[in-house]
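To begin, one chain is listed below as structure tokens, in the form predicted on its own.
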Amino acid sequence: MRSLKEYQTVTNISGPLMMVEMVDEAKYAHIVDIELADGSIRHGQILQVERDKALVQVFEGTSGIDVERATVRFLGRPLELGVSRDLLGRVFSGLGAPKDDGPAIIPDKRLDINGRPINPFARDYPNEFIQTGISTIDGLNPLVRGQKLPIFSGAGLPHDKITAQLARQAAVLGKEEEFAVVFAAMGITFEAAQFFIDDLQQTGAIERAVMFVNLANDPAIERIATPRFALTAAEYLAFDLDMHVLVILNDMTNYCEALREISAARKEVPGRRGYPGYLYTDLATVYERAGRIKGKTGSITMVPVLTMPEDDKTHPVPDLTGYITEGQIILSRSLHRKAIAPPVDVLPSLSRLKDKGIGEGKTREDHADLYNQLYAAYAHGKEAQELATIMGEAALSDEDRKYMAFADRFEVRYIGQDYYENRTVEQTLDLGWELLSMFENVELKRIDVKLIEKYMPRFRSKKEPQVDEQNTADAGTAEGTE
């Protein structure tokens, strides 16, 4: 067994960072133990090595460390996570320690949390549908296995409820394959963490989930490691146990703030808005661990959640995330004010891989035409609402009023659904046809005529008896008047 090297040559402490000099064979990203004068142990990771000097970040913080009496023990290995199937149903800290009063994991193997880059040639193209039970995602911005689809939110918007709903409801259709959820919470409050844990436990979804929780009062350095622990667990479940894994990272803005804090402590030259210049590269090392590998049954699908400061989409975190991922689900503050939940802003939201995961044999043959028509009709309705605000509703044409009424109904019935309502993709598609039945067939210009003839009649027949009853009532009233 390799002997551990110990040093009592700490020369400087700045914030969470510690400088150790006269070291030998120190390597980047390896971990260390720091023994204090009272015998307590803290843990750290090597951030930088320059000749015989090593810069160490201390996970528990440097408060109370005596420079002259501290002993630093170099362990000669990177941060690792012990993995086995027993990870499922468990809650861990941001550094992979059990947080649910359960026993320690007896690992089948130990894996470096930094993972290994997936060979681009070995990547398989995402092309299989994941049902989330949320109409605005399944119907208009489908999630595909192996995709990275972030949620762009803002302060006070209910992204926690949406991610909890995803963790409960997400499922693979049509095949008897195991599905798991890995949830990484970074910098969230105790109340939010308890909400996620209670929700998964009460609904039974915890049995197929693994949670890594870093609270707002936990060290910022731990926050940087949390998504990597989560993704290491996901890679084991996906590529060793052949499971389909949904990884939810909430909140990536807190992760980036931790990066900025560490960068400032290291006195690095700042980039945009004080974030380090390598922010894009660092985010890519997290996001690009999602995907599918040729010859492997399992897959990793990722939903990062980030809060946009001041709802600004040009902020570095959402801006750079948009470059690396395949689309975005944007939450709307105006819909939230209308009490429409989940408040997904349909028009700017986008899943760039939606065409690959839908259609006959995956969802239904009418899916693509239907979402194009719904999107176009809703966009027309929102334009009409803007015109009504400027010019007054009296200035609108009959067609504009019709589309404006459609937009209102679409928001209430299609976008709006209870957070515990799990709609199948068939229910979502049927709801779309029902809403479009207010238009004549000739107005549905983005749907193939054969599909209209196949699917629309049963929704028209639902409306006709109501119209006849109303006409009969009107006629009866007229006869009584005469």
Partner chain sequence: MSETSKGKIVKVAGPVVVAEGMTGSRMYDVVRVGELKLIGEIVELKGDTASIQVYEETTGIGPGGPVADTEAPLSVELGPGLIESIYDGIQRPLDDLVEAEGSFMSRGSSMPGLSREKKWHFKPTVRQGAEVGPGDIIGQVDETTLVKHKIMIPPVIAGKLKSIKKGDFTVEDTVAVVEDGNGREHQIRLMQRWPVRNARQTQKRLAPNTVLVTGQRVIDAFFPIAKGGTACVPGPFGTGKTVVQHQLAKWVDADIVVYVGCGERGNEMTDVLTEFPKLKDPRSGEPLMKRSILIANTSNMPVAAREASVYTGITIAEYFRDMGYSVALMADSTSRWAEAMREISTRLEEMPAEEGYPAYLAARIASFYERAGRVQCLGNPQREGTLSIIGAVSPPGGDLSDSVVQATLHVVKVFWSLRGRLAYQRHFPAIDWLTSYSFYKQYLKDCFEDTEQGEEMERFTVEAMGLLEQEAELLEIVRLVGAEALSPKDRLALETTRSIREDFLHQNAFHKVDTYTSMTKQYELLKTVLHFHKEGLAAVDAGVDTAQIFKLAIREEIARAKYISESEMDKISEIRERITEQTKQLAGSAVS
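In this text, rigid core is short for the largest set of C-alphas that superpose within 1.5 Å between two forms. Predicted model only: the values in this text are computed from it and were never measured. Numbering follows the first chain given and starts at 1.
Missing here is the form predicted in complex with its partner chain; even so, the following discussion is about that form.
The contact residue chosen from Lys99, Arg260, Arg266, Arg85 relative to its partner chain in the predicted bound form is Arg266, the criterion being a non-hydrogen atom within 4.5 angstroms. When you look in the predicted bound form, the only residue of Leu335, Ala216, Ile105, Ala379 with a non-hydrogen atom within 4.5 Å of its partner chain is Ala379.
Judged against its partner chain in the predicted bound form with a 4.5 angstroms heavy atom cut-off, the residues Thr136, Gly359 and Tyr420 are out of contact without exception.
In plain terms, the part of the chain that comes close to its partner chain in the predicted bound form, with a heavy atom within 4.5 Å, is 309 to 317 out of 309 to 317, 158 to 166, 246 to 254, 204 to 212. Mapping the unseen interface onto this chain, Thr71 falls outside it, with no heavy atom inside 4.5 Å of its partner chain in the predicted bound form. In the predicted bound form, at least one heavy atom of Glu383 sits within 4.5 Å of its partner chain. Using a 4.5 Å cutoff between non-hydrogen atoms, Met456 does not count as a contact of its partner chain in the predicted bound form.
In the predicted bound form, its partner chain lies farther than 4.5 Å from every heavy atom of Thr363. Residues are counted as partner-facing when one of their heavy atoms sits within 4.5 Å of its partner chain in the predicted bound form; in 4 to 37 these are Ala26, Lys27, Tyr28, Ala29, His30, in sequence order. Relative to the superposed core, Leu75 undergoes a Cα shift smaller than 2 Å between this form and the one not shown. Taking the rigid core as fixed, one finds a CA shift for Arg446 of 2 Å or more between this form and the one not shown.
Core-superposed comparison between this form and the one not shown: CA of Met391 displaced by 2 Å or more.
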